[in-house]
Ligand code: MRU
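Shown here is one chain on its own, the form predicted on its own, set out as structure tokens.
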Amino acid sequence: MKVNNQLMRSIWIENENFSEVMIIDQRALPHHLVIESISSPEQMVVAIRDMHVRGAPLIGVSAAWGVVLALQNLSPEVFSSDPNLGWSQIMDKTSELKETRPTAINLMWAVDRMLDWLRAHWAGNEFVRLVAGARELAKKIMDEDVEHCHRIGEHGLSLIKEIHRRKKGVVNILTHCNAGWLACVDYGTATSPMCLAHDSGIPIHVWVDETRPRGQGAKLTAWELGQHGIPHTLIADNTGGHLMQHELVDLVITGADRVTRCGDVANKIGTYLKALAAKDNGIPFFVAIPSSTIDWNLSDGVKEIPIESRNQDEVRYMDGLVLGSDSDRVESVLICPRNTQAVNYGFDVTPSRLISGFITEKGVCPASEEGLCSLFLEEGLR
């Protein structure tokens, strides 16, 4: 995707020896573009936990590189003299990575994929070759994410084309939170069909939920769409139902942080309410996901998906740019009485019955176990 008309990814490797992983510190957006260098697994833990990087696919890719950094920081002498101790140290670091964000399944999926490969190649291998192989796998996971998101865009584009064919006018799409390229490596999930539609000449307009409490829609999605030249309008989170009642929304597309085998979806808090409003107004509600977001071990999303509870100050405070400041200073302000307590659930669960379908890298399918298995039969039978 583009930043100031220059192609850019959300995570990349800049040096030949893979000693640093480069990321965009998303906390500074949209007012400042800050590039951060990550050179240790401890730094990657902080980056994921404190949301320098966020979005389920990007968290997974970042965690994969975190495993590489843990391996690179392991002493070759320890690996040679006591492989079991070396493996124990790797497991400690990967456990820390897994504990950073409990809801997004991509995190566990990526770490486990890295560990499965390391486990199979640990014994009887040279340290240098082991590190090289781990780097290649992390790069493969990163490149796969780009490919999958582009395919999601192609399959979602067909939905937008059909609405435009029927309507013969601007297609109004509502999205919640940020499921754009900042949440992935490139293209995004929910925004990928929007970008491809815009690039192909289909007139679209996007309603962008602000997405309290962290404001990922206002800060990130609006910034992405603006950088790509896509017409959009920022709205308060509670506005979507009103727009749907007045036929100002043709389609809702969101991303997801975890999907059960039966099609229940965990996504940013507030997604469930958008799905209810869409259902009541007969508006198609689609969820765009790569296959790495599907948790085949869970069936009931409301009962089984762990919901992250975050610091209450994300609700109690808001931050923004101080206008008229020579330094473009960003400040945080308290928006409630000093002694007010808050609760901050990061996600909610939208039952499959409210979802029109999934847009995946393999196509569009119903939001059901049968629908998911029709595209991912081998994974579904596990």
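The model shown is predicted, which means the values in this text are computed figures rather than measured ones. The first residue of the sequence shown is number 1, and the count goes up from there.
This next part talks about the form predicted together with this ligand, which is not shown.
Pick from 38, 70, 355, 59: which residue has any heavy atom within 4.5 angstroms of this ligand in the model of the complex?
Filtering the options by heavy-atom distance leaves 59.
Scan 194, 107, 259, 179 and let me know which has any heavy atom within 4.5 Å of this ligand in the model of the complex.
Contact check passes for 179.
Taking 153, 360 and 367 together, does each of them reach this ligand in the model of the complex with some heavy atom inside 4.5 Å?
Result no, not one residue of the spot touches this ligand.
Heavy atoms within 4.5 Å of this ligand in the model of the complex: does residue 148 have any?
Because no heavy atom of residue 148 falls inside 4.5 Å of this ligand in the model of the complex, the answer is no.
Report yes if any heavy atom of residue 55 sits within 4.5 Å of a heavy atom of this ligand in the model of the complex; otherwise report no.
So residue 55 counts as contacting this ligand.
Is the gap between residue 183 and this ligand in the model of the complex 4.5 Å or less for some heavy atom pair?
Residue-level check for residue 183: yes, a contact with this ligand.
Consider residue 216 of the chain shown here, and say whether it contacts this ligand in the model of the complex, taking contact as heavy atoms within 4.5 Å.
Yes, residue 216 lies within 4.5 Å of this ligand in the model of the complex.
Pick from 110 to 118, 171 to 179, 195 to 203, 123 to 131: which stretch has non-hydrogen atoms within 4.5 Å of this ligand in the model of the complex?
Every other range fails; the passing one is 171 to 179.
Taking this ligand as it sits in the model of the complex, which residues of 254 to 286 have a non-hydrogen atom within 4.5 Å of it? Please list them.
255, 256, 257, 267, 268, in sequence order.
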